[in-house]
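Presented below, as C-alpha cells, is a lone chain in the form predicted alone.
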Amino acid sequence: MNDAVVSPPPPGTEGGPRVLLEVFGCQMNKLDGELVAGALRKGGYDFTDADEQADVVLMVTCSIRDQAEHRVHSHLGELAKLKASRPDMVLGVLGCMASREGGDLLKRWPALDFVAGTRDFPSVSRLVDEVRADRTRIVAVDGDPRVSETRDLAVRPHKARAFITVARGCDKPCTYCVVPRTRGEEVSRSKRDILEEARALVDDGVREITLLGQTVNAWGRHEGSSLGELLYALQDLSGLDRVRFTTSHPEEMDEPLIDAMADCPKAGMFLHLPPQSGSSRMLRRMARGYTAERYREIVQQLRARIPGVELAGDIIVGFPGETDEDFELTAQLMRDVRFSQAFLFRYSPRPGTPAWGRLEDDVPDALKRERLATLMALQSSIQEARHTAMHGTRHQVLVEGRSRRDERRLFGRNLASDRIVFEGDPSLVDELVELEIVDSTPLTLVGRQLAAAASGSASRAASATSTSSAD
C-alpha cells in the first residue's frame, strides 16, 4: 500500500506474529485496510513492511478494472513461491476480488489460505487465528451488510487527515460496474454514529475528514435525509478545518446538497462528479440515470451557487456502441466543463457486470487507445491553461508530506483539492500554510511559502481563484 496504516515495531523488539497488509485500489479500500489493521492490532498482531519478515500477508483488493486484479494475481504468484519455503506463512485475499471470486480463488491458488469479502473485515483477526491454529482453508463472503466501523484511532496513516465511511454498497444499475456485486446493497450509517466518529478523530488531531461512499451523495436517501445535513453538522464541529466527500453520482445531486456546499466554507469548493460520457445515448446504454443535458444543468447550478467551485470527473472511452459522434460529444463536454481533474479510462468488459455477455465490446482496442490519447491531450491543455492563470494567486494549504519526486519539497492541498508543491521545513507537515503560486506544469502547481496560516477553517475567498490539478 502507498501509506503504512501502522508502523512496524522497532528492530529487535518482541511482539506478536507480524502482518504485511497491502491495499490496492480506492479510498474505501484504504479505510477498510485501517479497520483490518485495527482489528489485528487488538488481536495481538504486529506489522511489517517486508514479505520475508511476515508471518501473515493480507491483500485488500480491487475489482473495478482488469489491471488491478492482474496485479494481485501477479503478487500471489510471487508469494506462492515464498510460501513454498515458509509453509507456516498465512496468505489471505480480502475485499472486492474475494467477494467476486470467492472459493474460485482458493482453487486457483493452492497457497492461499482464506478469502474474506467486503463485509467480512471485522472477522479477519479471527480468520487468521483459525488458519494458524487448524491450517484450514476458509471462504468468508457473507458478512452482515451493516459492517462495524469501529476503529482504532492509532491506526491511520496521517495524523491530520482521515476517512469516514458514511455508506457502503451501491444500488445503481450502471452496466459497466461490478461494485453492486462486490460491495452489496446500499446501506447508510446513522448521522449520530458518523458525528461521534468525526468528533473522536478531531479530538485526536484530525483537521480534514473525507466522507466515503460508493455513491456518497445518496447517503440517507432511504431515510429521507440529504448529505447536506452532514455537511452542516460538520461545519459546526470545532477543530475541523475541512470536509471532503467522494464519490458523488449526478443522479443524486439535489438542491439541499448544493445549498449546503454553498453555505459551508469547509466543504464547498470541490466536487468529484463523474459524467462518464458526454453523450446521452451512451449514458442510456451505461444506465446512468441522467442525460448529458442534465449533467450540464447540475454544473451550471453548482457554479452559480458556489463561485470558484472546481469539478473532477471520470470518463470512459470505447464503451460498446460508442461512435465518433458520441466521442466528440464527450470531448465537447470536457471543453465546456473544464474539469480541474479528469480520470480517463478505456472500457474493458468485467465479469459480473450487467454489460458482460449482453453488450458486445465492439470498439476496436486501437481506436479506444486513440480516443483516450486525444482526451488526455485535451485535459492536459485545459490544466496547463488553468494552472498558468493561477500564477500569483494565494492559497491556504494543508501540508500532507514530502514530495515523492523531490524530497526537498513538501506538498499539500487547498480547499479546491489542488496539489501544490513548495520548499519548506518538514515540521510543517499537518499544518496550514499560505502559499503563492509561482510556477506550474500541466500536472503540478509550484508554490512559495508566505506565512503559516492561522488555525481554523480556510476562507472561501482564498480558494475562489483556485482550481485543482491532476497529480
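Quick note: we count residues from 1 along the sequence shown, nothing fancier. In this text the structure is predicted, and so the values were computed from the model without any measurement.
Here the subject shifts to the form predicted together with a small molecule, a form of this protein not shown in this document.
Of the candidate stretches 41-49, 434-442, 405-413, 60-68, only 60-68 contains residues with a heavy atom within 4.5 Å of the small molecule in the predicted bound form. Although the partner is absent here, residue 276 is a contact residue: one of its heavy atoms lies within 4.5 angstroms of the small molecule in the predicted bound form. Residue 350 belongs to the set of residues with a heavy atom inside 4.5 Å of the small molecule in the predicted bound form. Interface residue remark: residue 281 is not counted as part of the site for the small molecule in the predicted bound form, having no heavy atom within 4.5 Å. Under a 4.5 angstroms non-hydrogen atom cutoff, the small molecule in the predicted bound form lacks residue 232 among its neighbouring residues. Checked against the small molecule in the predicted bound form, the candidates 163, 176, 114, 339 yield a single residue with a heavy atom inside 4.5 Å, and that residue is 176. Proximity to the small molecule in the predicted bound form, taken as a non-hydrogen atom within 4.5 angstroms, holds for one residue of 191, 199, 346, 296, which is 346.
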